[in-house]
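The structure tokens that follow cover one protein chain in two forms, given apart as structure 1 and structure 2.
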Structure 1
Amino acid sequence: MTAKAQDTGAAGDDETRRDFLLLTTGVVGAAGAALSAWPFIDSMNPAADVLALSTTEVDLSPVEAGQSITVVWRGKPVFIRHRSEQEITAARAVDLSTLRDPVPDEDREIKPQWLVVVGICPHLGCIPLGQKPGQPRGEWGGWFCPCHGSQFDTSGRIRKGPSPTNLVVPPYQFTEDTSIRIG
């Protein structure tokens, strides 16, 4: 072999070695960046306590007609009212053209006797009264927000006051005749 051929061979080995070292360094650097970023990325996942609150199971069997209970779902109060026949009839007899946020009663419940709403006034986030016996329920027998005077009917619809919308109906489903899962 000539000297020129030996130089080319050595240069070829150097280039191959350099390419290998660059590739290896790049792979190790990328793996190190991924491993150091993982705790930050993992911290963006919801905490276990938040995941545990994503759904709430409620047994409705002890709630009698005319009674209400409050449960917590995602840190918010949820009002569940076992409506009487009179409350259902009154809620369905409303002329929708008189409502600020016109939604039929039938679209706000799955079973007519059970109304499930988030117990936070859409105006400024207050918690309306009307869950306990003796608390003011407003002119329409639903809920009354004492902060600014919003009044809701037995379907959770705004009837009077500054609230722009009805009480929110959370996603829920019946798992049995007297048991629901909220969320």
Structure 2
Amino acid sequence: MTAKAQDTGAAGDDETRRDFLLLTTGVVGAAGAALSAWPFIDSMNPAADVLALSTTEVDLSPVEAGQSITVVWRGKPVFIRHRSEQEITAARAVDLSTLRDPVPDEDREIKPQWLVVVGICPHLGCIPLGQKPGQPRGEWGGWFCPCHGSQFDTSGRIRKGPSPTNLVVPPYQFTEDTSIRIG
């Protein structure tokens, strides 16, 4: 093999071998450099202590029907509304095909009377109004975002305005009959 290579002219063969070595070391080096960027990038992701604070326990027993409370989960407001019978009926009577982000009300809560949604407008992150008595709730009786006018219904679904999606339902479980753990 080597003898044959020498026969056909060492210079030419040497060149292709060098090209090959140059290319492979170059590629491996570039890949290594690119990979070593990852710790720098990842250091900017949420740190362990931030992640550790990521569940919130809420006692729902003091909240009467028709009332709402706002709790903080991961630094964000979470809206919890104890819905009245009319609010539930209104949310369930909607023709899904008229919705921008069609999800039946039944799929948005564990118990129909408790609606739990992240209180952040999916448009550009403002906090919609409608938690306190006297605040505007929009035409569908849910929430109204003052920033660019998104309106949400009593299921937290987008009905009008620029928000592309419904208010997000966070992951939560009932730990007891009237208390939940979010996160």
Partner chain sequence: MSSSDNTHPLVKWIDERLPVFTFLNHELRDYPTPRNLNYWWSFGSIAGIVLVIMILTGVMLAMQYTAHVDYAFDSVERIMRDVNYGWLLRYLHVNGGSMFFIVIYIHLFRGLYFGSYKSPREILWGLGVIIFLLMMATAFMGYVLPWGQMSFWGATVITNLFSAIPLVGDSIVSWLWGGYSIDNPTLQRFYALHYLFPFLIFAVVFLHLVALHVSKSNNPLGIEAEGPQDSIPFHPYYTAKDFFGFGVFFLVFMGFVFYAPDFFGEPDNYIPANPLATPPHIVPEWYFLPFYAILRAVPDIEVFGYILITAKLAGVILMFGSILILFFLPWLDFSKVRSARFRPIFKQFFWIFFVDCLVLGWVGANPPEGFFVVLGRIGTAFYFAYFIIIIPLIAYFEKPRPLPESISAAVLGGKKGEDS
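Along the sequence of structure 1, residues get numbers from 1 upward. Because the structure is predicted, anything quoted here is derived from the model rather than measured. If you superpose the two forms and keep the largest set of C-alpha atoms that fall within 1.5 Å, you have the rigid core.
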(request) Give me a 1 or a 2 for the form predicted on its own. (result) 1
(request) State yes or no: after fitting on the rigid core, is the Cα displacement of Pro39 between structures 1 and 2 at least 2 Å? (result) yes
(request) Kindly check if the Cα atom of Leu21 is displaced 2 angstroms or more between structures 1 and 2 relative to the superposed rigid core. (result) yes
